[in-house]
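Next up: just one chain, as structure tokens, the form predicted on its own.
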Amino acid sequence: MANFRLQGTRVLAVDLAGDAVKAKNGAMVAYDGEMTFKKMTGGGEGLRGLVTRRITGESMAVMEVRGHGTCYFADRATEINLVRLDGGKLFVEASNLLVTEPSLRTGTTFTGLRGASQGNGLFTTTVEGTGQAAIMSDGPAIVLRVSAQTPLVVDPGAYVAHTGGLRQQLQTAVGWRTLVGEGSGESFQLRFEGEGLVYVQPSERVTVGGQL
């Protein structure tokens, strides 16, 4: 089984003993031992994944890394966060996904206006099953718990990923004042309800909502 270890906060070390991981294409920065690299395509496996990618446009260049030794991964010095799934599902933008264990299945799901408000399109990537995944954030991410008693509101530009049984709702405050250039600056917000975890980065991407 692959062993994920953080080397600081911006490099992921994965120990391999003849097994493999799926990683963002080009994310290898160093390795020791014997490794092979095979280009794959993200967004879901098999024929269904191929069709899904064509329809949604949600895909990432992925490589399979197999071998004996330690492989080190990083991407533009972004912060790396480890997520362990025990039969659950992770929702994350393809651009924020660095490495997954091969036991995890990837796919896509419709996000509707939430994705559009983030400027990431109408679909997002899902990672499902049991194993570890490494996701990236612009700065150290905080992990905020959502419960039935404590719903959470997040800026779409700071949202990175979430797990658990969460319902999302896009809140808007767009009115006539927005149209005349007197918006609040927080015209779009994501509200999470249910039980789960939300990963939030200390940096806001440029989004449609952030311009209003």
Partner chain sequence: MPFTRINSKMVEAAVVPGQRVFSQRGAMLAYRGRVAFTPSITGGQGGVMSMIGRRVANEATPLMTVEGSGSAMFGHGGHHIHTVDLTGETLYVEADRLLAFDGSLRQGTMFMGSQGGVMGVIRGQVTGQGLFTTTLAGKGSVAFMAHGGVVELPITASGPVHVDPQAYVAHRGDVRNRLTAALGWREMVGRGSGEAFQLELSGNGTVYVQASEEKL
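Positions refer to the first chain, counted from 1. Not measured: the values here are computed from a predicted model.
In what follows, reference is made to the form predicted together with its partner chain, a form of this protein that is not presented.
A.B. asks: With its partner chain left out here, work out from 125-133, 138-146, 96-104, 72-80 which stretch has heavy atoms within 4.5 Å of it in the predicted complex.
C.D. replies: Going by heavy atoms within 4.5 Å, the stretch is 72-80.
A.B. asks: Using heavy atoms only and a 4.5 Å cut-off, determine which of A158, L152, M28, L170 is in contact with its partner chain in the predicted complex.
C.D. replies: Selected option: M28.
A.B. asks: Report yes if all three of R84, S203 and R205 come within 4.5 Å of its partner chain in the predicted complex by some heavy atom, otherwise no.
C.D. replies: No, none of R84, S203 and R205 comes within 4.5 Å of its partner chain in the predicted complex.
A.B. asks: Determine whether any heavy atom of G33 comes within 4.5 Å of a heavy atom of its partner chain in the predicted complex, and answer yes or no.
C.D. replies: Output for G33 is yes: heavy atoms within 4.5 Å of its partner chain.
A.B. asks: Give a yes or no for Q7: in the predicted complex, does one of its heavy atoms lie within 4.5 Å of a heavy atom belonging to its partner chain?
C.D. replies: Heavy-atom contact with its partner chain at 4.5 Å: present for Q7.
A.B. asks: If you check in the predicted complex, is M63 within 4.5 Å of its partner chain, heavy atoms only?
C.D. replies: Yes, M63 lies within 4.5 Å of its partner chain in the predicted complex.
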